[in-house]
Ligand SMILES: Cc1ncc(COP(=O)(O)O)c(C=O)c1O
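Shown below, as structure tokens, is a lone chain in the form predicted alone; questions about how it binds or moves come after it.
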């Protein structure tokens, strides 16, 4: 018997918990009456999210990528300044740096795919900032990175796009760095119904600049106080949806972790690599395996009707659109790009679907 007639998607946004009658009425009232921007829902979300993260300020913005651009610009870096990024995390930090006329310098990662503090300055002569990506929902060693950066007078940006609700050493990510960024893309742990993001910081000056940058650089309406501003506002509908979903974030993270742990037990049994950890420093945004013959695995799972994908297949420095020079060899980065593969792990999965994935995994692992 095969499972070819079934389908387990990598994610299924149609299964998000339905809005209550009261929530639906609030959405309809907002649609009919407005205001659509800079209203009470945005202010409530910013207040609640800053309290959740443990930062002094939160600022709702239009996407995770715009959050990164604002973060770079809020640090008031000179044109061409070097910023350290990793090359295996989707290119978002590289894109934002280039948009801000900065020079991304790549650093090697650990075998978990996250920035290695011991090698982050290997290729940068005079960096001004470091982007620390908590990739796949794994906490980077942000305590060590911040300590080293402070010694060198280098700013730290936390990229928490895949890590909402993640704790490291008992402290929420998004509260460690000079400024932190979040994405609320619909597949994220905390999800909007379109593009949205946020910035968190406890620095008064950085927050002030970020607030101006979010809306054209204005310190007051029609008065551009600083350069680099644009239309990076979050809209009220996204803020309202996030207000509905934030109280359930930790429960949804727990369900993700339960599913991931079932996969992890299978991987341990067969000696297969799976990225993540059992403690609170991992929120299982993705379930990512490391396999030497990835395409064979992808084909096997497809035969069982199970969707997979790769986060992420290409290092930033090989992509023509980034027009960057590979300063050196990054063997771990390239190994990960060639071997990682993501399998379904989202909180709305049914028990039957989880069993189907487990069965398919066992079949492939036994065969190899």
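Remember, predicted model here, so these are calculated numbers, not experimental data. Positions refer to the first chain, counted from 1.
Separately, the form predicted in complex with this ligand exists; it is not shown, and the next lines address it.
With this ligand left out of view, the stretch that reaches within 4.5 Å of it through heavy atoms in the predicted complex is, among 71 to 79, 102 to 110, 185 to 193, 292 to 300, 185 to 193.
Interface residue among 308, 42, 65, 333, judged by heavy atoms within 4.5 Å of this ligand in the predicted complex: 65. Residue-level contacts in the predicted complex: of 238, 94, 201, 133, one residue has a heavy atom within 4.5 Å of this ligand, and it is 133.
The closest heavy atom approach of residue 180 to this ligand in the predicted complex falls outside 4.5 Å. Put simply, residue 138 is far from this ligand in the predicted complex: not one heavy atom of it is within 4.5 Å. Among heavy atoms of residue 173, none comes within 4.5 Å of this ligand in the predicted complex. Proximity of residue 164 to this ligand in the predicted complex: non-hydrogen atoms within 4.5 Å are absent; the residue sits far from the partner.
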